[in-house]
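In C-alpha cells, the next block holds one chain alone, the form predicted on its own.
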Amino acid sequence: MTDKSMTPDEVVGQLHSGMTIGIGGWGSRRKPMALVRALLRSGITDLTVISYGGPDVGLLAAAGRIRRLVAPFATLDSIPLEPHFRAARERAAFTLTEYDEAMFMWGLHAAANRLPFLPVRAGLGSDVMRVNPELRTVTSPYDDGEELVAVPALRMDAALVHLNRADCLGNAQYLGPDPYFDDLFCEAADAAYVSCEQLVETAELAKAGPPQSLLVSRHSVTGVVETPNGAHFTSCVPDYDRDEAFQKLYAATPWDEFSARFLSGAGEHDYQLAVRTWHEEQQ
C-alpha cells in the first residue's frame, strides 16, 4: 500500500490559486492550522473557502486570500464572532454565502455522495432564502407534494482536516468528543489532506479508541502530515485544549502586527517557537 506521508509545504504545493478548498473542524476546535499557515506562506489566493468557520477563515480573510466564503458562521467559540472575519466583511473583502448549519451539513452530504443537491426542510420560512436568492426549492414527487429547499452540493477541489492520530496510509482517528464532519469534507473533495498530532502504525489506531473513532478512511485521503500541535491555537482534545490566552492576543492584535511576529517565519517550527517565546514573556 502507498505511503501518503507529506510535509505541509508539499501539501500546499498541490494547491493553486482559484481553487475551492474545504477546511474541517468547527469554530475554534480541531482546525488544520498548520496547513492553513503553510497556505499563508504561499502565494495562493482567490480562494473559495468552505468551512464551519473559525480562525482558519479569519487568517485567510485578513491576508486577503478569500474570494468567496461558504459558511454557516465564523466564530472563536469563547469569542463569539471571529474579529478578522468581521473586519474583512465590513470592508467587503469577499463574497459570503451563508447557510443554516443543517443546510451546510446536507450540502456536504450531497457532495460526498456525488449528488447535485439534497432536499431539506432547513431554511424554509427564514431569511436564508432571502439572502441567498440563488437557492431553489423542489416539490416532492410523492403524494405529500411537500416543498423543500434544494441545497446544492458543496464540492471541493481539496479538503484540509486535522485529526488526533493517523497512519501513513491515510486512515485517521479522532479521540475527542466530536467528529466535526471531517469525514464528509474528505469525501466531498477531489483531494483530501489530513494533518495529525501523531503518525502511528495502523494497528495502534485500533488500540487508541473505539471503532467509530476511525473517522477517515484511506480511500478518501490523498496525503497525510504529522504536525504536533498542528491545530494550535484551536483545541485538539484530548491532546490539548484551546490556547485561550493566545487566542485573545490574536483577536485583539492588529493583523499586520500579529502576522509580522507569528507568521513571517520560514515554516511551522518558527511559528511554534514564536508562540513559546510569547508565553514565556507572559510569566
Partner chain sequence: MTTTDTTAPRTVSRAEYCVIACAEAWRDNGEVLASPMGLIPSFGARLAKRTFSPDLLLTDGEAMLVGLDGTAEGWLPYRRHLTMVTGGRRHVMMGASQIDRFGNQNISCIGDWERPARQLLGVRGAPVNTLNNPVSYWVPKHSKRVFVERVDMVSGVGYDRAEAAGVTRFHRLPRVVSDLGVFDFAGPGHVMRLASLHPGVTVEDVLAATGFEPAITGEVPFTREPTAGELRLIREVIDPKGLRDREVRV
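Numbering follows the first chain given and starts at 1. These numbers were taken from a predicted model, which means no experiment stands behind them.
This protein has a second form, the form predicted together with the partner chain, left out of what is shown; the following refers to that one.
Proximity of Y240, P254 and H279 to the partner chain in the predicted complex is absent: no residue of the three has a non-hydrogen atom within 4.5 angstroms. Proximity to the partner chain in the predicted complex, taken as a non-hydrogen atom within 4.5 angstroms, holds for one residue of L199, L205, L96, L169, which is L96. Residue in contact with the partner chain in the predicted complex (any heavy atom within 4.5 Å), chosen from M156, A192, V151, A74: A74. In the predicted complex, Y250 stays away from the partner chain, with no heavy atom inside 4.5 Å. Interface membership of W26, defined by any non-hydrogen atom within 4.5 Å of the partner chain in the predicted complex, is confirmed. At a distance threshold of 4.5 angstroms between non-hydrogen atoms, V128 is in contact with the partner chain in the predicted complex. At the 4.5 Å threshold, heavy atoms of A122 reach the partner chain in the predicted complex. In sequence order, P80, L81, F85, R86, R89, E90, R91, A92, L96 are the residues of 76-96 having a heavy atom within 4.5 Å of the partner chain in the predicted complex; the partner itself is omitted from this view.
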